[in-house]
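Shown here is one chain on its own, the form predicted alone, set out as structure tokens.
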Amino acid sequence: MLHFAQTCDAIAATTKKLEKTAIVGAYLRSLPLDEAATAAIFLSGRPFPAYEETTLQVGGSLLWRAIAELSGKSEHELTVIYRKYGDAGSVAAEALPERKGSSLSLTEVQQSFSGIATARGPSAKAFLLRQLLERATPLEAKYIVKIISGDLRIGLKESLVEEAIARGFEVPLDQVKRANMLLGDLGESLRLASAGKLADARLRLFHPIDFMLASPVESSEEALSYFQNASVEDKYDGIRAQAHISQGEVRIFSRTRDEITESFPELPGALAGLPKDAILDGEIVAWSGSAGAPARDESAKQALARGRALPFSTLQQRLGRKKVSAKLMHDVPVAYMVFDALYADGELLLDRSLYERAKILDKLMMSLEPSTAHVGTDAFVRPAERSSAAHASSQALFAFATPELPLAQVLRTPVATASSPEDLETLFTSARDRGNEGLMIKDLDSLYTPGRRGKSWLKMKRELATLDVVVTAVEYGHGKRIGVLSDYTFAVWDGDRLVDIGKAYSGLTDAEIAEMTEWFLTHKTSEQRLRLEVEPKIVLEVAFNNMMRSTRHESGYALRFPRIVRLRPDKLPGDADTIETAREIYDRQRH
């Protein structure tokens, strides 16, 4: 473990990408194969392979207490160290006492991680954590804590570890990347690389693949400057979701690759009828047309006509819940809008064109086998768009209900094509009229490129809303923002008092953040560890995607994806927006 920690220090000491990969490649090559596989996983910042989805469930407070107990230092002393470095691992390195020699191996650390993961309750986990740290030198403890907290912070992304494996074992980088994507295991990818068998890697179902991402465009003209053969869909205001289906088992993953099946218990039943193994890509939305069962002769076109996607603020009530009540499922019904197929019947489809994948998806949607459900199909061309839609895919509706679960719908996203800016403008206006965010514009000839944001998929959205707000509290940042106050909590007026409505940390320049840090330090009203309450005198303009109901803030609202547009020194605090403005924006979204 000491060799690993020293290697991490060497990696952190250089900013040059080639030097980092050379250090990692040589280090991995110097180790026995089992230790090299473990080291590759640790260097990605994880205690376990990604596909295992095992978590240590060790939070910052537990780590903090363990370091405090073993170091004997006070809360104030540890806080001073934290402000100096900005991460718990570096606190451990400076605070923990020196130990003679090192007896920890990478394998033993991995075994300790497994024990902590399976231990039940904070007390049992804390005991095992202390045992591990007691055996470690301060330098080893530094990186053990960093791995536990998921904050390795040595300038080494997973992609660089892949490059290092390719370099160390003299194999093609694209093969290493593909193997790791399919397996979700850098250690196993390293083993295959060492044996020259990377081509043997096969997709591991129920391990999420990175999502293909879209780039924003400002206009229809810009969109069609990248490609002419455009497939066009509505951009829904929900959450991206990847569904893995195999022999009746269904698991759903978010864009962050977290499993979210439990938040939508009615959807697995609607997808389990698929007779072939598959991975689908789509968007989960709150859906106004899911409350009643469809008629036997109802087509997907009719289902779409009688329903619509609701704002994200409605769907938010369903997110992050371990248990979803039947009442909540009835109050906030959902639909899964499917727009792509990544895997079907034993074949990985990433290297097929969107046009080919769309045809396969249409067949998959038609093959759903409902029991108490209904499937309808219809060539779907929105009447207002007939002149601009040269093609429309066959649409499928699958609706599922049981006595215990309300109706859930799986819908093939309606698709049109456009070949001129005028076509796109017509489609954009229609999408907005339906209450959706805008358009997704895709190159029909494009392959599915996981994790990449190129120009093959484009998004054209409505303008962001903005608010003028007053900063009420600030926090110290992380990483390159160690030592500066960069996380701002802000508020709007509710009568004669300020009520918090959000928090943002992006948008200002480093120079602006440094200047504001000086101001906030001289205008603080109270301080608690890393958070300072400040005099409410600084006005910001913040942009956001939409407004949500929230109990997290005193205002009763929260902003989705807030970011700072600019400082407003030209405005007094009294010029900031009010809770009435926030309420108007929220109400406008709902209509």
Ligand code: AMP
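Throughout, we count residues from 1 along the sequence that is shown. Take the two forms, superpose them, and find the largest set of C-alpha atoms that agree within 1.5 Å; that set is the rigid core. Since we're looking at a predicted model, the values are computed, not measured.
Quick note: we don't show the form predicted together with the ligand, though the next part is all about it.
Within this chain, residue 314 is remote from the site of the ligand in the predicted bound form, having no heavy atom within 4.5 Å. Although the partner is absent from this view, residue 236 contacts the ligand in the predicted bound form, with a non-hydrogen atom inside 4.5 angstroms. In the predicted bound form, the ligand sits beyond 4.5 Å of every heavy atom of residue 349.
In the predicted bound form, residue 453 approaches the ligand with a heavy atom inside 4.5 Å. Candidate site formed by 240, 255 and 442: every one of these residues places a non-hydrogen atom within 4.5 angstroms of the ligand in the predicted bound form. Judged by heavy atoms within 4.5 Å of the ligand in the predicted bound form, the contact stretch among the candidates 107 to 115, 495 to 503, 226 to 234, 89 to 97 is 226 to 234. The contact residue chosen from 486, 472, 426, 413 relative to the ligand in the predicted bound form is 413, the criterion being a non-hydrogen atom within 4.5 angstroms.
Shown without its partner, this chain lists 336, 264, 169, 457 as candidates; in the predicted bound form, only 457 has a non-hydrogen atom within 4.5 angstroms of the ligand. Here residue 576 counts as shifted, since its C-alpha moves by at least 2 Å between this form and the one not shown after the core is aligned. Once both forms are fitted on their core, the CA shift for residue 23 between this form and the one not shown remains under 2 Å. Taking the rigid core as fixed, one finds a CA shift for residue 10 smaller than 2 Å between this form and the one not shown.
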